[in-house]
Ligand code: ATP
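Single chain ahead, written as structure tokens, the form predicted on its own.
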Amino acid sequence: MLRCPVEGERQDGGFLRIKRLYLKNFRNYSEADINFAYNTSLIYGDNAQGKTNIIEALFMTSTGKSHRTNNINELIKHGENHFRVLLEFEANGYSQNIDIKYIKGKRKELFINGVKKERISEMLGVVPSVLFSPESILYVKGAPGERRRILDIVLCQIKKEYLINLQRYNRIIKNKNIVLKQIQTGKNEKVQLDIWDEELSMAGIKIVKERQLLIEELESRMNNIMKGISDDKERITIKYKTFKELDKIQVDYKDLLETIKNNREKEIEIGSSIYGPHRDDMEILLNGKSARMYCSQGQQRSIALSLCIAIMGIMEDKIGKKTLLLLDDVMSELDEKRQNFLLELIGNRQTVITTTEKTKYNALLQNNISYIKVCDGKIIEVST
């Protein structure tokens, strides 16, 4: 229930603290009730017991989506037909909650403080979070879609207008591709593409510009971070690869429209839209060389770590709240220097960590910590 702050209570605009997570039929959990420490909660247990599922649920209360699958039915416990994820948290002196419910075959339902919301997107920015996991290395060495995805996740959390425009753009692409297929089979005319190309260009150029601005800020922040990680020996450059070379000169939607029209026959032949931000990429260079092709796995992990930390800083500046830091089984992937660098961040923000080695953290994490043991989809022990 929403509670009004009382006189003398802390009114820090950047204050955010998650308190309780309730799961029902989510992944391998029949039912779970988890309370989190003020600072750090360490979730430990053997592999494949359900630790990452808790991280996934927390990430969902931040973004509305899983970071592991696009198929929402995979989130339902086997043999059931629904799930529920409820997060209770405190922000700006108010006790609040986010409640996500899903029944197979129906739409997800979102409730914020008991009020049903028409759009899942209304939760974005309410509980901002940054996730760092072994899969984060895919932002460096994975396919272009991985890098587009992280840019969109950040921009959707800090700018509602970006989300609205991205959703509109995706609908345009879907409809245009239908028309392209119809033209291939003689069921539609080329002239029908004119309106879709115009709409695609106007929505697409807004996405391009926002991503370019974000990339410029990421590059600056990542270099500051890499100085500490690499003793100032490594420098990051990020290039946004889109329909044309970008520089400080503002591009216009007409530039994108011209590119699309000049390649209309190619798109008809393929039956798909091949120009626009849905095909763009973010190329990360380390000391002038492609990080994806030429960096060692250790260097790629360092770049991924600096990217996640840079994202955290941008989100906190733009949203005005401390982010929830989610660390999913990452310490074993980092050397001691990078572990210490990451642990320095934990001191001033709430963090949830998963690990198979509880004792490894005893000397590092000292105050306001809860240890949560997970076994086969059950919380079997909580200690402080």
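Keep in mind the model is a prediction, meaning the values are calculated, not measured. Numbers follow the displayed sequence, beginning with 1.
What follows is about the form predicted in complex with the ligand, which we do not show.
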From R68, K358, R349, K321: within 4.5 Å of the ligand in the model of the complex by heavy atoms is R68
The listed residue (N39, T63, Q339, N28) that reaches within 4.5 Å of the ligand in the model of the complex by any heavy atom is N28
Taking the shortest heavy atom distance, is K209 within 4.5 Å of the ligand in the model of the complex? no
*Check whether D33 has any heavy atom within 4.5 Å of a heavy atom of the ligand in the model of the complex, and answer yes or no.*
no
- Task: Tell me, yes or no, whether K77 is in contact with the ligand in the model of the complex, where a contact means a heavy atom of each within 4.5 Å.
- Result: yes
Exercise. According to a 4.5 angstroms non-hydrogen atom cut-off, is D46 in contact with the ligand in the model of the complex?
Worked result: yes
Given 109-117, 77-85, 233-241, 164-172, the stretch touching the ligand in the model of the complex at heavy atoms within 4.5 Å is 77-85
